[in-house]
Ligand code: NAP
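One chain comes next, on its own, written as structure tokens: the form predicted on its own.
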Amino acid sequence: MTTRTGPLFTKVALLGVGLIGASMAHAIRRGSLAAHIAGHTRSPVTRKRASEIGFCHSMHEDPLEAVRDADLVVLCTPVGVFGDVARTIAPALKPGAILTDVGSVKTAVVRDVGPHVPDGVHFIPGHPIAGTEHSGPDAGFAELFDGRWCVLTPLPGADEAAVERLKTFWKGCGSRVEVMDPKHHDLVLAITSHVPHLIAYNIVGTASDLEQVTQSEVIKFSAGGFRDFTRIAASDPTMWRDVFLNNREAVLEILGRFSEDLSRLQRAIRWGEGDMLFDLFTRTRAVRRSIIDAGQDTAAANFGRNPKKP
């Protein structure tokens, strides 16, 4: 095994410095993975705040300047604008550079970004499966990726050395790395992330629409399941709008299965089928335990939350 004696990349460009982009910058600095981190965002307010925090070495209004001479370029904007961003930066991408992303869908990224990638640039879509309900440059922290999975979906014929280099990068950020087909990724994420978010948004919306439940009662009694739904539903609306529009096929497939299972639950409750309910709850409890055993959550009381900070 070759021991790295210097930064993995000379320059990394992060196009977008919200939760994921900012956390990447912190993780890159922690792991000494790049000599220079260039950040880009169109918002002057966000650029100013990112500069004040100082996780990037330089902040740029022009994405072309951010990516110029970068050997790793990461798309951290909402998925819906990936195609436009890729078209804009294409002239400034240097041969041999790796172009990747952090989007929660992958087939749409291949569709929208792929046509704009210049010859000689290694396009390797990626998805770090990590996040919180918070957004913006202040939300970033280096430990976000520690112990979490990052899925890479290289296209057929991808340069193996470039894929290995990107794997090394994400491992340096604290992640475990898996390689997957883009379509399979989207189906897996539809059930593990996208549909749960959709359910959370829906149930919180339903509660707010019920006229017989006042807002004060919803908030007062939200220390249980409803509180945990609202945490998920507090996620960035722009990002999730783009996720659902760009992964509609897989989301609709999983929603169909979910609706069928929900109908079976309705019948079980209506007809008093206690054994069926008990068996389901026992099986799902075991799933929860397996998630904790896999290191993807904590068994601490109250899900590890500080009781003084709901």
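A residue's number is simply how far along the shown sequence it sits, counting from 1. In this text the structure is predicted, and so the values were computed from the model without any measurement.
This next part talks about the form predicted in complex with this ligand, which is not shown.
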Heavy atoms within 4.5 Å of this ligand in the model of the complex: which stretch among 89-97, 152-160, 115-123, 231-239? 231-239
Residue (of C173, L166, A190, V102) lying close to this ligand in the model of the complex, criterion heavy atoms within 4.5 Å: V102
Does S51 make contact with this ligand in the model of the complex, using a 4.5 Å heavy atom cut-off? no
Give a yes/no on whether V73 approaches this ligand to within 4.5 Å in the model of the complex, heavy atoms considered. no
Taking this ligand as it sits in the model of the complex, is T107 near enough to touch it, meaning that at least one heavy atom pair lies within 4.5 angstroms? no
Using heavy atoms and a 4.5 Å limit, would one call H57 a contact residue for this ligand in the model of the complex? no
Residues from 108-132 in contact with this ligand (non-hydrogen atom within 4.5 Å) in the model of the complex: H127, P128, A130, G131, T132
